[in-house]
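What follows is a single chain, given as structure tokens, in the form predicted on its own.
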């Protein structure tokens, strides 16, 4: 039965080779990575990563084509995609909750009997929360405003202003990543210097990775906006990117409040 003759509102996905190639790339990268750590060549790791990137590009290219053919993305499908994005972000919330719980387990005696009496631990010099971390907080808050502006312009069907807002958001995301790199360069503790560095780098490092992913996501949306892929009514891809970026913003506010400010309060404001 042809797509134009369907009698249901659902998208029946066509067979695709990209999931298989992505899986093969991930397996090759994993084996190649372990091999390279034991003195083997790095070719397997690089080949696997390259295959995953290529497969992801082709897979997402097909998804973009499906979204624009005027047949597959019915109202029912778009509602399902929105629910899927919400559930994905909920899973990301649980992911970061594990890091916050590890931080609380090490710092709050009411949660753990093994929590440190003083935090940060003796000998650790934390970063000043009102230095680079505060600058990054302002950068992310500004980026939340620019992506909201872009979304508002898109709803008004103003593609040019939407693209401007997305461009500013991408630039702010790049600046945030660069600033966080400077912050790591100023840190006096290494990756393996105890529980403080473990919780700090895991939480902020994974957040930084999410910022990079979100920046790429919004960069693709910027390019699609310039190509006229979105309309005031149909812009699921943009909505997903905007929701993801707002999630990244909120997580950073919790990181700044808990790990940077409260976690260093006893050092900068001794009792």
Partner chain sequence: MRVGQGVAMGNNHEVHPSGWRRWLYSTNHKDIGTMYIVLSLIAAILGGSMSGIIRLELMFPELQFIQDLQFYNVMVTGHAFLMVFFVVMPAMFGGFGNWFVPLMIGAPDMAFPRMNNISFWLLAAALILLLLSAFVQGGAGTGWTVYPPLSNADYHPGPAVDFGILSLHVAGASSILGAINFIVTILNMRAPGMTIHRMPLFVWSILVTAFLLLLAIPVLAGGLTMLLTDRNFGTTFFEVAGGGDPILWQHLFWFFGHPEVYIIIIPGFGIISQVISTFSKKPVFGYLGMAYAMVFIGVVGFVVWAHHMYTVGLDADSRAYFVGATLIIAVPTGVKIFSWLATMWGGSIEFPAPMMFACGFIFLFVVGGVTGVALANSGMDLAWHDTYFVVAHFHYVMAIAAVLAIFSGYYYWIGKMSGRQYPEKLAKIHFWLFFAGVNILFFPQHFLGMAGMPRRIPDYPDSYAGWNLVSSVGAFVAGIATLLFFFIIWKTFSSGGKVQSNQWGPGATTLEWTVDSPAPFHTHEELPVTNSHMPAE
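Just so you know, these numbers come straight off a predicted model, no measurement behind them. Positions refer to the first chain, counted from 1.
Here the subject shifts to the form predicted together with the partner chain, a form of this protein not shown in this document.
In summary, the region of this chain contacting the partner chain in the predicted bound form, judged by heavy atoms within 4.5 Å and restricted to 226-234, 24-32, 239-247, 207-215, corresponds to 24-32. In the predicted bound form, residue 257 stays away from the partner chain, with no heavy atom inside 4.5 Å. The closest non-hydrogen atom of residue 161 lies beyond 4.5 Å of the partner chain in the predicted bound form. When contacts are judged by a 4.5 Å heavy atom cut-off, residue 129 does not count as touching the partner chain in the predicted bound form.
The closest heavy atom approach of residue 72 to the partner chain in the predicted bound form falls within 4.5 Å. Checking 135, 187, 174, 102 for any heavy atom within 4.5 Å of the partner chain in the predicted bound form turns up a single hit: 102. Just one of 124, 195, 142, 168 comes within 4.5 Å of the partner chain in the predicted bound form, counting any heavy atom, and that one is 195. For the stretch 12-26, the set of residues having any non-hydrogen atom within 4.5 angstroms of the partner chain in the predicted bound form comprises 12, 13, 14, 15, 16, 17, 19, 20, 22, 23, 26, in sequence order.
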